[in-house]
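The chain that follows stands alone, in the form predicted on its own, written as structure tokens.
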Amino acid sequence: MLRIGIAGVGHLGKIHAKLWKEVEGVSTVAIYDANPAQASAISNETGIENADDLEGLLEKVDVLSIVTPTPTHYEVAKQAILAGKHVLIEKPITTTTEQAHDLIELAKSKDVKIQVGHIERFNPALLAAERYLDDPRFFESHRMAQFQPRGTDVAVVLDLMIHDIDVILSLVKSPVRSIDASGVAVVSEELDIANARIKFENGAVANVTASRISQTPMRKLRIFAKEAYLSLDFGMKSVDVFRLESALDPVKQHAGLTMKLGQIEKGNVPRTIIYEKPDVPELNPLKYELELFRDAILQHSRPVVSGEDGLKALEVAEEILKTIKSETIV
């Protein structure tokens, strides 16, 4: 049975600790936090042993959830990998691409797995939408959050926007051709609002916006694909689909609401405009992520969001930050 440990039991780490306890086939044995009082409180609340230090934690576990502040990801993950432990690193994988490269190569040498906590990959809305996506061409994402002091140790690009960067990269599967971006630091020392226009070599385009000083939270992604338009709400865990269908198309049997909105002709072929609100799976995205990482370890398979995936998202985020910095200097 895999033995699980959690490094960092703040707001999100506490959730990791509770959900790992619900995952079958593993034993959550220990936690550690640089704040002893916080670690003691979570230990008392969850019944999980509180390790005195990171070294002591690593001696007890096979798998480590790293939910420490982003600037510490590299050192904590490196220590865990050197000790031969599988690691789930909350996004972003590290603060620099050089650090990410180092962790990936080190994990290969130690034959351990890295999964990066890009949780929207496990969101029911995205899981329900994937079957409709055929050659997506344009993306528009808005990720807005109310201000919270936690997370401001990095720019909003690494704090929030990187979620949508990762999702879009997983769907486009094409190298980035160019990036235009702008951003502003409003209430913190790092960027609080940012927008990027990403162009891919296959012609796809993504317009991505993130803010952590919004009055109203929003986590939406709109996708224009071949003969389909999808609107995903990650917060509400729902998806709306508008698509074209002809009498020659294979019959699609999807669970959920389906309505015929009208007919048009396209390419001299009569088409029906279909609106669908597909059923989404009932699951907790983080728990599902933990379960799939468990499976990847036990089955010796590639994690859903590998270290390489985390690196690709970080490379794009880093380029966005460089572009914003160069525009600011000019």
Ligand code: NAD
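Just count from 1 along the sequence shown to find any residue number. Since this is a predicted model, take the numbers as computed values, not measurements.
The discussion below concerns the form predicted in complex with the named molecule, not included here.
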Problem set entry | residue 11, heavy atom within 4.5 angstroms of the named molecule in the predicted bound form | yes
Exercise. According to a 4.5 angstroms non-hydrogen atom cut-off, is residue 181 in contact with the named molecule in the predicted bound form?
Worked result: no
Exercise. Though only this chain appears here, would residue 33 touch the named molecule in the predicted bound form if you measure heavy atom gaps against 4.5 Å?
Worked result: yes
For this session: Give a yes or no for residue 230: in the predicted bound form, does one of its heavy atoms lie within 4.5 Å of a heavy atom belonging to the named molecule?
Result: no
Exercise. Which one, 234-242, 111-119, 171-179, 134-142, holds residues whose non-hydrogen atoms are within 4.5 Å of the named molecule in the predicted bound form?
Worked result: 111-119
Exercise. If you check 51, 61, 67, 26 against the named molecule in the predicted bound form, which one has a heavy atom within 4.5 Å?
Worked result: 67
Exercise. Listed by sequence position, which residues of 77-111 have a non-hydrogen atom within 4.5 angstroms of the named molecule in the predicted bound form?
Worked result: 90, 91, 92
